[in-house]
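We begin with a single chain expressed as structure tokens, specifically the form predicted on its own.
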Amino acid sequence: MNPETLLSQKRKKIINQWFDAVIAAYPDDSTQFFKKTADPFANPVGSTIERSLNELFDELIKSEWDQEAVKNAIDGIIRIQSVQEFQPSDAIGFIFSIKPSIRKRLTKYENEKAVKAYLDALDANIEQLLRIAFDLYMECRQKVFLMRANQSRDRVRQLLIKKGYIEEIPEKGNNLEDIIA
């Protein structure tokens, strides 16, 4: 019995459960909207989550995965959740929720040596996925912080110029990162 083949056959059910776990972090009315609205233009968050989970699932069940493809697949979900100011544990916690679905499908065969090895490799893949997701989340949060800090700096500069307190603030750099460094 090939676990990858079995999981591929149960793909739709597993992804639907995973999707439900991801959107459970949102309010009830948003959850219903994400489930019922299929149009990606009307429901960009739900369609991004669904697309990302499909791509992630395909990579995750492989015995050898393409790390760049995984990073691209999870990027959409992490960007959305970092902008929506999810706590880091909530933003990447959904990754764990696929484990019970997969184990449930393989329970009958878990005493087989090949399935046991496959589940161990899958656990390692999920841990690696968590590390990638956390790094992406922190990169996104840092970008959001820098954008907000730059906006605040520009507003203060405009206010000081408008009120005539200064003519120009000498710039050390265009970004807050340049000024801090």
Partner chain sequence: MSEVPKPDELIENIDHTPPEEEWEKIESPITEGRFSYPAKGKNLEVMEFRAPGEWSPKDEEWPLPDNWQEIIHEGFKERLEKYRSLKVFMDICVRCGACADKCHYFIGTGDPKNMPVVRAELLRSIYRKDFTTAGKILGSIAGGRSLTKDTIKEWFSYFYQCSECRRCSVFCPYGIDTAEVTMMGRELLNLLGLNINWIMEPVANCFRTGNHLGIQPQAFKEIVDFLTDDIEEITGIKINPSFNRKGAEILFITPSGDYFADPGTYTFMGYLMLFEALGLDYTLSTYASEGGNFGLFTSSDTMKKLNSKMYAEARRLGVKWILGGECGHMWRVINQYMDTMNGPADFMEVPKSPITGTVFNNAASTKMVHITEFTADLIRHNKLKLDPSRNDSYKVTFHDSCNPSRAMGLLDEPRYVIQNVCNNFYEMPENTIREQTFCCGSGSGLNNEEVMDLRLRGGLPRANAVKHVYEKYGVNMLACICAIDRAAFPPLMEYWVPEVGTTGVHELVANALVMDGEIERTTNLRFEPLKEEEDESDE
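Each form is matched to the other, and the largest set of C-alpha atoms that superpose within 1.5 Å is called the rigid core. All of these numbers come straight from a predicted model, not from anything done at the bench. Numbering follows the first chain given and starts at 1.
This protein has a second form, the form predicted together with the partner chain, left out of what is shown; the following refers to that one.
*Asks:* With the partner left out here, if you bring back the partner chain in the model of the complex, are 41, 45 and 84 all within 4.5 Å of it by some heavy atom?
*Replies:* The answer is yes; 41, 45 and 84 each reach the partner chain.
*Asks:* State yes or no: in the model of the complex, is some non-hydrogen atom of residue 68 no more than 4.5 angstroms from a non-hydrogen atom of the partner chain?
*Replies:* Result no; residue 68 lies far from the partner chain in the model of the complex.
*Asks:* My question is simply whether residue 131 lines the interface with the partner chain in the model of the complex - judged by any non-hydrogen atom within 4.5 Å.
*Replies:* Residue 131: no, not in contact with the partner chain in the model of the complex.
*Asks:* I'd like to know whether residue 109 contacts the partner chain in the model of the complex, with contact meaning heavy atoms within 4.5 angstroms.
*Replies:* The answer is no: residue 109 has no heavy atom within 4.5 Å of the partner chain.
*Asks:* Can you check whether residue 54 is within 4.5 Å of the partner chain in the model of the complex, heavy atom basis?
*Replies:* Answer no; every heavy atom of residue 54 is more than 4.5 Å from the partner chain in the model of the complex.
*Asks:* From first to last in sequence, which residues of 149-163 have any non-hydrogen atom within 4.5 angstroms of the partner chain in the model of the complex?
*Replies:* Sequence-ordered list: 151, 152, 155, 156, 158, 159, 162, 163.
*Asks:* Following rigid core alignment, is the displacement of the residue 12 C-alpha between the shown form and the other one equal to or greater than 2 angstroms?
*Replies:* Residue 12 C-alpha, core-superposed: shift of less than 2 Å.
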